[in-house]
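The form predicted on its own is given below as one chain in structure tokens.
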Amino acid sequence: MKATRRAKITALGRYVPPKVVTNYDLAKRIDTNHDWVVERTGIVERHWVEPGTPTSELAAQAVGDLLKNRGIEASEVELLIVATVTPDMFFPATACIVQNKIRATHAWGFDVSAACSGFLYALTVGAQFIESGAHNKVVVVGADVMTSITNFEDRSTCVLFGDAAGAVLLEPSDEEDFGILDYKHEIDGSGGEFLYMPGGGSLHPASHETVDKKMHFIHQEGQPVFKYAVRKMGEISRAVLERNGYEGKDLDLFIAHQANLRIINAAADRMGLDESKVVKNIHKFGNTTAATIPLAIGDALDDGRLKKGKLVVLAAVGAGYTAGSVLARWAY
């Protein structure tokens, strides 16, 4: 994909709530144990917000960290895109709330809902505004408070999720071969019945009945979701590489959505990747939905594994089903 003007990530910001919840902590609350959770998911601990903390607060903290790291003011941001499935409320958009909190007085914005693929979808959308020349500074946020929609009586799902936010700044690249090179996204709506939250929308408006039936929580059928993710994560990542003349061996780093360690490993195996090329931090944070990829980017930067010139694939599969991959040559 030849862009008129390429977009690149120039800075990263993160926010993780300070409260750490281990598998041992969960075992005091539900029928589970540390070994069972680690074996099936790879998760050791996760971070939870204090009750009543909205997604906008995590997002604002992450953007604040981003602005500090880049050394710019909020007033310089032109567009703010927030990927989330746990908005503060149906409307206004969480982007509006975040914009007000950070005082990004010259920005417009909107939310993107694509579940675990949300950050990549928002990243791709934001890149189009850079490539077109419409904007020079676009902030993309992935933020979710998954504990707000988790049923803690459901032992199969409540061990999976954590709360966090991550944000990146997109700016024009002054080097043609650096930045976001290509993307590939798909949806398969037939998978919507396997991972969803049934209550609260126009189909099932909030009522005593929807609350009593626990319809405002995550509902997941693990097996079909797992099988689809294992197949699609590697498939869509290979596709974006091959379209640009690359193979798995050419890749420097694979940064996947952190939903399940077995899914990440299976995708890496299908791409023929060495362990050293795969970023894994699910053990620390669990599945933070739209925040997992920016958190993983941050860890790769901290570890010195992600440096300028590295060829990177970002990949995700989520409820919907949604799936996406982004190919980038790291620019800083």
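So that there is no doubt, residue numbering starts at 1 and follows the sequence shown. Only a predicted model underlies this, so the values are computations on that prediction, with no experimental measurement involved.
Although it is not shown, the form predicted together with oxa(dethia)-CoA is what the next lines describe.
Tell me which stretch of 264-272, 58-66, 25-33, 300-308 has a heavy atom within 4.5 angstroms of oxa(dethia)-CoA in the model of the complex.
Single hit among the candidates: 25-33.
Taking oxa(dethia)-CoA as it sits in the model of the complex, is Ala165 near enough to touch it, meaning that at least one heavy atom pair lies within 4.5 angstroms?
Outside the cut-off, so no.
Even though oxa(dethia)-CoA is not shown here, does Ser148 get within 4.5 Å of it in the model of the complex, heavy atoms only?
Flag for Ser148 set to no.
Under a 4.5 Å heavy atom criterion, is Val313 part of the interface with oxa(dethia)-CoA in the model of the complex?
Looking in the model of the complex, residue contacts with oxa(dethia)-CoA do not include Val313, since no heavy atom lies within 4.5 Å.
With the partner left out here, check for me: in the model of the complex, does some heavy atom of Thr94 sit within 4.5 Å of oxa(dethia)-CoA?
No, Thr94 is distant from the partner.
Between the options Leu253, Leu160, Val112, Ile236, which residue brings a heavy atom to within 4.5 Å of oxa(dethia)-CoA in the model of the complex?
Among Leu253, Leu160, Val112, Ile236, a heavy atom within 4.5 Å of oxa(dethia)-CoA in the model of the complex occurs only for Leu160.
Of Arg155, Arg231, His216, Lys101, which residue is found within 4.5 angstroms of oxa(dethia)-CoA in the model of the complex when only non-hydrogen atoms are counted?
Contact with oxa(dethia)-CoA in the model of the complex is made by Arg155 alone.
Using a 4.5 Å heavy atom cut-off, are Gln128, Ile180 and Ala328 all in contact with oxa(dethia)-CoA in the model of the complex?
Answer is no for this spot.
Using the arrangement in the model of the complex, list in sequence order the residues of 173-208 with any heavy atom within 4.5 angstroms of oxa(dethia)-CoA.
Residue within 4.5 Å: Leu195 only.
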